[in-house]
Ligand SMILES: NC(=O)c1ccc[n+]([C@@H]2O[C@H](COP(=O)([O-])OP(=O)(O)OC[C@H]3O[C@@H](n4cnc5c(N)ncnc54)[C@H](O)[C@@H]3O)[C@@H](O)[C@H]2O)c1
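Okay, here we've got a single chain as structure tokens, the form predicted on its own, with questions on binding and movement later.
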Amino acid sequence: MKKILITGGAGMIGSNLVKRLVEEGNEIYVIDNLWRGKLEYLNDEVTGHAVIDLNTHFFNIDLSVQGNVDELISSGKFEYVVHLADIVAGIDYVFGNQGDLFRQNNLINTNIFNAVRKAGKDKIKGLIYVGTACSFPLTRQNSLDVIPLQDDELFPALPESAYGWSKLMGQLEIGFLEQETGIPCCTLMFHNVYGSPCDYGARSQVIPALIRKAINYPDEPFNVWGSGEQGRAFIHVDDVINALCLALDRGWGHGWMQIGPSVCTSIREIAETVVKISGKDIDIFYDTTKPEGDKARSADYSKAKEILGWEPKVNLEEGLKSQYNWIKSQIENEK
């Protein structure tokens, strides 16, 4: 049994990780300020009750405030920290709030890392940080001729967005932390994660936004931002949870590794698949006045395969069907 603190533990990735680790017999603590996460995401699907004791194992803490988490991390309640918490949303939010997003994410990261540093390796046996493929250089993501990103291409650095820069700063800082303290660390660079539970409202990312539009159509137009030619390496949350669990066992001391498929899927293909799943006759409109971000990317996950024994397993269409059904049930419950 491991005693583990998960920051951002009430979000999509966090809540799934909490449930998996509790099911495996671990003692789990959660920090989340509920900006995007929700307490109900921590409920067991059968019993309807939270899988952790919310009175003793959940903490609503603003990690961007210096010192807010120092006492908790030094308390000796847990041995491992999985740091998922950050500020992220859809492309409109990311590019519309770059300065604040950059500042908030840097504060969140440095405050967590400093608290772990103060606690020391006598109390903290390992720290996992979640980075992003958005931190790779724009020059490697501005063409539709996709070659899987290589781990050693991260530098010289040139991320397109403040989000990518902020997550890259965290990657650098955790490296310094590991060198200074001897605390084993691991960085997993996630590509575009999808699945449920998720935010499907105004701040949602592309897949839940398109699913919401399909469910609401024709009351809501099915508008796709950009040309639709832009693509991403979409990875289901179940595959991400597998990577995190493997990293807790064997990911220590290997730097960073990518978690995502080697296949780049266009937003056009995602939109058409969502329409197919909906069973509706939907007119797709591509709004080229809207930003579409990086042109395309995919992952070389060979390092994760070698070290963790990990590779993606969830079929994209099956994953989209599952997420579609979850969002549909949420929207129906709201009526």
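In this text, residue numbers run from 1 along the sequence as written. Computed from a predicted model, the values in this text were never measured in an experiment.
Another form exists, predicted together with the named molecule; not displayed. Remarks below refer to it.
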From Q230, T187, Q141, T132: within 4.5 Å of the named molecule in the predicted complex by heavy atoms is T132
Between the options I73, M257, A85, V206, which residue brings a heavy atom to within 4.5 Å of the named molecule in the predicted complex? A85
The named molecule isn't shown here, but in the predicted complex, which of 172-180, 147-155, 192-200, 215-223 has heavy atoms within 4.5 Å of it? 192-200
Can we say I13, I108 and K167 each have a non-hydrogen atom within 4.5 Å of the named molecule in the predicted complex? yes
Contact label in the predicted complex: S64 to the named molecule, heavy atom within 4.5 Å: yes
Would W35 show up as a contact with the named molecule in the predicted complex if we use heavy atoms at 4.5 Å? yes
Consider F113 of the chain shown here, and say whether it contacts the named molecule in the predicted complex, taking contact as heavy atoms within 4.5 Å. no
Under a 4.5 Å heavy atom criterion, is Y163 part of the interface with the named molecule in the predicted complex? yes
